[in-house]
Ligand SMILES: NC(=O)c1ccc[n+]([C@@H]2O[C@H](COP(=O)([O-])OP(=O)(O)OC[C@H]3O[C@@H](n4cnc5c(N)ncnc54)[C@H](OP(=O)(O)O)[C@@H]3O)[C@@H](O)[C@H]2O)c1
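Have a look below at one chain only, the form predicted on its own, in structure tokens format.
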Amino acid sequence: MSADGKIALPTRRQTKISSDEDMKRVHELRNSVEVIIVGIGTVMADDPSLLVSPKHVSEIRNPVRLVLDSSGRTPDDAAVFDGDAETIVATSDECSRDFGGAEVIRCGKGRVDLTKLMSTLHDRGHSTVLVEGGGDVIWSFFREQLVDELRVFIGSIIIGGKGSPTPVDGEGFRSLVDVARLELVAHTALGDGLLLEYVVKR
């Protein structure tokens, strides 16, 4: 995020914030997990491939790519359907759409039930999950108390704008009693920015 807590321009267009050193960290992190998750908003806005870059990692082991898409809006030509890594689309029970080149997990009434989805992934032997975003998705994981760690890179830019997205959007906690509390366990300078690493207090 930027120094003022934004992750994209007010237009919600993707914005380069990470330093080269942080990009290397991100791809190494992707390479170390079993599943990487984004929401349909991120797919529609940025069309990410969610692959590990050979520029940053020499021995690539792409994780399973999982898109949270309750109503089945992921375009047929989305980059996550390129066949270069396993892809799952998680939808609500009401969504009947199938996706070429991807498995579908249907779980939840009206929207994806994240707790049930995490249980399904666990039952399949997946124990490390990276939630990359966007802000509404990250908020949903915090709301359901499914976050163990939070890692935030703060870049040396200011974006501004009341409507600019933040790392954790959504409706937010309504009381200080309910907020997610963190413990700072590490801080590291990466290029011209700062990486903060937290564990979530239970």
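The model shown is predicted, which means the values in this text are computed figures rather than measured ones. In this text, residue numbers run from 1 along the sequence as written.
Separately, the form predicted together with the ligand exists; it is not shown, and the next lines address it.
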Non-hydrogen atom within 4.5 Å of the ligand in the predicted bound form for each of 28, 52 and 128: no
4.5 Å heavy atom contact, residue 14 and the ligand in the predicted bound form: yes
Heavy atom of residue 111 within 4.5 Å of the ligand in the predicted bound form: yes
In the predicted bound form, residue 40 touching the ligand (heavy atom, 4.5 Å): yes
Partner proximity in the predicted bound form: residue 71 to the ligand, non-hydrogen atom cutoff 4.5 Å: yes
The ligand in the predicted bound form - contacting residues of 126 to 151, heavy atom within 4.5 Å: 132, 133, 134, 135, 136, 137, 140
